[in-house]
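Just so you know, structure 1 and structure 2 below are the same protein chain in two forms, each on its own as structure tokens.
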Structure 1
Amino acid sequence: MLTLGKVKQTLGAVALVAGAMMAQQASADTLRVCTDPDNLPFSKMDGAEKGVYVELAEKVASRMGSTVEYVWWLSYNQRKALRNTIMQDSCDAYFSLPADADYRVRGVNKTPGFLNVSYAIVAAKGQTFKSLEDLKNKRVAVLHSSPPHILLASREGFTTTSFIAQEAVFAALNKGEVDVALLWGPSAGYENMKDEQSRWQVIPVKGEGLGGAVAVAVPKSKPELQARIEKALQESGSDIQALTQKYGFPTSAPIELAFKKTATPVHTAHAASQKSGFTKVAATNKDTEWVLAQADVPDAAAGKMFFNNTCSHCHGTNGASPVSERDIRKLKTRYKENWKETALTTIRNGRPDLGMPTWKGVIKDQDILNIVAFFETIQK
């Protein structure tokens, strides 16, 4: 999960203050749960659908004879979310973290994994997939910079088209512009169920960096509480199954994609497409850029022309605005190694309250990628 706009960060901070104040008043039989306020199908602060984690937290708490108090914090930057919640002891249970033993957080223990989540193949019903070979000679849609994008782009024989939003992938599938997609399974399954009348099959995959179990994190200082949570989780097996069905998670047996390692994977935060769970992306920006260049060939010259036609009345010709926060040449200075993701997210989502329009669905994803390639050429 990459660094996103300050708007979202502010929301997180406000939510925490409210949560922490409530938490102080919490009594002993209250389970303080930290989770994301806006991450369906996993969790959601308001609305009719609460998500798998929130509904599960309720079940777990009730099995423990407790009630739930929520501390909401956006998790697109997971390390930051952890630092501001469970690592400060403002919650008893953080839903959720990779169960993987390599994923360690100071001061925090984890329960055993309670649910497997992974990427998934989205394809027309009736097609069968047994291995990676079955994706060859197909046009495969992926989300920009996602692990499947990076992994497929670095191998021979695959044709990928990258998108910035999952909705755009489903639109391309519906129009027959791509044959299959490799998307984050829970999100794809949920959208398939909600918006696509379950017309696609969503088949989970296995392989390095493509998925794994998630666990509940508990402060190290509370081993007894952890034991109670673990017991309640164990007793909640059938609830977990029912919840994953309710939210459309793919449940069939996973297909082994047996990717070879291309780079030492690291755990990093990932973009909005990928808010929960965990993602491994190429270890360095250098690898990522090489891979992206192979996959998309973003066209900086086309991006420059597009920018000067569409964006320059607010940002100046070639992005050289005299207004500092509109000066596109300062992105790298401002956001360091996260500048590209920040640019992508800002263009896509806009900052409506600050005068930057939302471009998602207004201009093509490829144009956004071209624009960012142009931005690369003008950084100071």
Structure 2
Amino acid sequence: MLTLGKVKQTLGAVALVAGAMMAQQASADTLRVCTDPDNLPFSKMDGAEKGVYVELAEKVASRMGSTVEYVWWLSYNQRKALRNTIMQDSCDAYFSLPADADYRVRGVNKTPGFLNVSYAIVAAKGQTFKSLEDLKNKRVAVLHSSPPHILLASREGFTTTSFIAQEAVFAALNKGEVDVALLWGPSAGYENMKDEQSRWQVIPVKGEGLGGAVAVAVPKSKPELQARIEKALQESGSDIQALTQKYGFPTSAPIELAFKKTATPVHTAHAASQKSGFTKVAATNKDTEWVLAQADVPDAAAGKMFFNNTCSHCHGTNGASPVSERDIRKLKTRYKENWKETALTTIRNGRPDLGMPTWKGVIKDQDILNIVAFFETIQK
């Protein structure tokens, strides 16, 4: 016979089980999405415009029969954002990561790519571009240390001006200070639509390091959820197209930014020009090697002017950067008697992995010597 106490105990147990089941069901019906709180046109925590990723997440969740709960985290350092969100099981999906198989993140899988994004040419309407060669003889604006900046700096025949912010690039375009720009396509398209009244054409490009597909990251421990998200993404093609148009993403066919392949020349040593700071030496089937040669007397004053006009936005006026690694005044302290050779090599060959473009073929040999002569006057 059940006593009153046993009845209460049984009912309590049933209530606990029911509560647990309800909580589990609620969790299953909520898609926790990690995304950046201030990164339009991709995502925004508040305001009328939510961004492509936020609006797409809501479409995906709706097709899954779920609601969305957001975990906001700034994504300047994407891997750090992942470590502190999805890898801590504080969210179920991260919008979005490069779909490239070479971009691996421990502990997460990725859906197939659902959207292609890339850099883009921003130019006056009516101009046509078929290849990178069409940018020669034009003043090209780039963002400092961006892939287009490094790409053009490593090639001869291009005139670039680097900027820190995209807004400054559009200002220069509007003033006629530059002819075209190479900018991140989604951001440039959004600003062109919102602030420039679609004054410019924004043409996507393709090429190594210039773009690719993006995907949704899901914890490896949740393969069933990944399958549901993938199915919802496949059903959201028209939504994705509408969202990219809404936020001004460039949608035309991308232009291949590649050079025509030509036979690699074979160089032989020869005397230096009186106007050259370097001379070619024997090189077979590889890039030309350069060594210091007889040149005009380096002009430190000219080097100072050139440096402050070209390099000070990164290294500080007169080389006095508050960032120790970029402070030109410390070269002699850091590299001892080899500091000049190190400076010359770094300017010519760059350090692309650290954001330093390759300037060989962009800056004249004599200007490089002038810059290093200026460096000599400021060493501590």
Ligand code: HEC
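Take the two forms, find the largest set of C-alpha atoms that superpose within 1.5 Å, and that set is the rigid core. Along the sequence of structure 1, residues get numbers from 1 upward. As the structure is a computational prediction, the values presented were derived from the model and not from experiment.
Participant: Looking at both, which one would you say is the form predicted alone?
Facilitator: Looking at both copies of the chain, structure 2 is the one that matches the description.
Participant: Checking P37 here: with the core superposed, does its CA move 2 Å or more between the two structures?
Facilitator: Result for P37: no, shift under 2 Å.
Participant: Superposing on the rigid core, I want to see if R326 changes position between the two structures - specifically a Cα shift of 2 Å or more.
Facilitator: After core superposition, the displacement of the R326 C-alpha between the two structures reaches the 2 Å mark, so yes.
Participant: If we fit on the core, is the Cα of L344 displaced 2 Å or more between the two structures?
Facilitator: L344 C-alpha, core-superposed: shift of 2 Å or more.
Participant: Rigid core superposed, H315 Cα shift between the two structures in Å?
Facilitator: Here H315 registers a C-alpha shift of 16.4 Å.
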